[in-house]
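Given as structure tokens, the chain that follows is alone and in the form predicted alone.
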Amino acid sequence: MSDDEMHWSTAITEVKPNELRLRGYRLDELMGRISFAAGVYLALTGELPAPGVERLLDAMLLASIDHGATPPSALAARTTASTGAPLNAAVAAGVLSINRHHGGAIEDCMGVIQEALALAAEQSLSIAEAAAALVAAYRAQKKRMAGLGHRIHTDDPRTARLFALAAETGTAGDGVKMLQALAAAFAVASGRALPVNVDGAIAALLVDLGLPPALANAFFIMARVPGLVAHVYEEQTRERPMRRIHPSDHDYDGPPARDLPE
């Protein structure tokens, strides 16, 4: 195979002596001027986000940074760390545990929202009518609707905050409206209200931001990595090697509840 046949291109980064560019922007000029969340958006989409979008993306990533030591990814990372594995291997084990049933709800919920929006467009239905029709179809097929319900929270505070920020920044659109309509339609059809969970909230916002479902799981992974690093480091520096890790019999002994300074 000739060198010409092996040649390929990338539209993401360009590296020259003393010069690094991300999507055309000098990396050193971006440093200190945009947030890491904005850099993520730039890397994935090729464009810088508007200020409101940047603020919302930052909140979306922070919302999933950690959810205790009980999720499969945290347990997998801690268990691997307990064997004496290095930090990168233990964190990788946690990341590899993020799949269809753990973290995958964001992509699944994006699919539900897009299906409902397509139904509204195809049949000239209102958002409420399309939501009711899709809920009825899912119930008839005994399909679970991703984005609703939580094993711990009856009113996920992260969801309320994300939706409030989306309203403040003007980024909430039909994705958010449709998910809220789906939750309302489900409550009417089933007789029980299920809260919109944080995965559902992130899914609705990703729909409104025009990001593809194929990147949905990436947002959960990127958000969760700092939490996994913290769990692995704590396991390595605080616990004995090769211990039996109970999935739920543990308590919290960190700093007491505190408020942000004014």
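Residues carry their position along the shown sequence, with the first being 1. In this text, all values refer to a predicted model and were calculated from it rather than measured experimentally.
There is another form of this protein, the form predicted in complex with another copy of the chain, and it is not shown here; the text below is about that form.
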*Counting only non-hydrogen atoms, which stretch in 138-146, 159-167, 124-132, 185-193 is within 4.5 Å of another copy of the chain in the model of the complex?*
159-167
_Whether Pro226 contacts another copy of the chain in the model of the complex should be assessed with a 4.5 Å heavy atom distance threshold; does it?_
yes
*With the partner left out of view, is Thr171 within 4.5 angstroms of another copy of the chain in the model of the complex by any non-hydrogen atom?*
no
*Proximity of Leu61 to another copy of the chain in the model of the complex, heavy atoms at 4.5 Å*: yes
_Is it the case that Thr79, even though its partner is missing from this view, gets within 4.5 Å of another copy of the chain in the model of the complex, heavy atoms only?_
yes
*So which residues in 218-254, when you check another copy of the chain in the model of the complex, have a heavy atom no farther than 4.5 Å from it?*
Ala218, Ile221, Met222, Ala223, Val225, Pro226, Val229, Ala230, His231, Tyr233, Glu234, Arg238, Glu239, Arg240, Pro241, Met242, Arg243, Arg244, Ile245, His246, Pro247, Ser248, Asp249, His250, Asp251, Tyr252, Asp253, Gly254
